[in-house]
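Okay, here we've got a single chain as structure tokens, the form predicted on its own, with questions on binding and movement later.
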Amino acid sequence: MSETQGDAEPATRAFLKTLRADASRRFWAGGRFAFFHAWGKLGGDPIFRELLRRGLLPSGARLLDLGCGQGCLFAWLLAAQSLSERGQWLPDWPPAPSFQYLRGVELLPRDVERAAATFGGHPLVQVEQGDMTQVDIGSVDAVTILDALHYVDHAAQERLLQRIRAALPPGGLFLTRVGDASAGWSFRMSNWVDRAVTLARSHQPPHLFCRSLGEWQALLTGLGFEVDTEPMSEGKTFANVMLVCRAPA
């Protein structure tokens, strides 16, 4: 049983199992690697569940996911919407969000190719190859960067966050997950895993630009965000923290 489902009630576990299967199945079009990568990520990472359980993403939003990989978040959200439309939603969870569009930007061409095979022709989904620090953000209601912000240097992080803040309307959402560099051994462990995974996928040693949780909070509040934090490792020896940042209404 995955960490995502470990402490849930039986009905919730069954729901998450169905949601994971429906979301992952879409990736068969992108090949075996795409499918098994999605299966592992969507089953083992608590942030996907928490996005829905807490109702963090606004319905009817224009969503931009920077560093989107092969589009696992999009498959998850589309599967959630489909389950809701079929009347299979959990009654004690907020309604499943719907979207005007789901736009992703990813640097690695192979991930973009897998996304194209998976979502090609879908009316809501667009995944493009590009550098998230250079891309035109456009008109958005919500922006997500999950485990990717530390791949760009500190100055580029600040410029990107400034542009995100400027693009969001009042009440708009920026959601990210970062490592807390002040967390000692657990941060070093998560940092090592991150380096190993990145090397395996890109075949290049990564340069990581991390900050302590306090530094992340100070940066984001200084840009005008209202910031809530929540540990997001769920039992693993990592130092991941979800930052829920909103533009004041």
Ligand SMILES: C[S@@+](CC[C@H](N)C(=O)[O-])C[C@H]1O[C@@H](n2cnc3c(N)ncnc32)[C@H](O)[C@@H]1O
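Every value quoted in this text rests on a predicted model; they were computed, and no experiment measured them. The numbering used is simple: start at 1 and walk along the sequence shown.
A second form of this protein, the form predicted in complex with this ligand, is not displayed here; the remarks below concern that form.
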R211: touches this ligand in the predicted bound form, heavy atom cutoff 4.5 angstroms: no
task: Verify the contact flag for K41: yes if a non-hydrogen atom of it lies within 4.5 Å of a non-hydrogen atom of this ligand in the predicted bound form, no if not.
output: yes
query: Should P46 be classed as touching this ligand in the predicted bound form when contacts are defined as heavy atoms within 4.5 Å?
result: no
task: Indicate whether this ligand has at least one heavy atom within 4.5 Å of a heavy atom of D131 in the predicted bound form.
output: yes
- line: Picking from L168, L107, A96, A116, the single residue whose non-hydrogen atoms come within 4.5 angstroms of this ligand in the predicted bound form is L107
query: Between the options A79, A142, L161, L146, which residue brings a heavy atom to within 4.5 Å of this ligand in the predicted bound form?
result: L146
statement: Within 4.5 Å of this ligand in the predicted bound form, heavy atom basis, the matching stretch of 83-91, 168-176, 150-158, 118-126 is 150-158
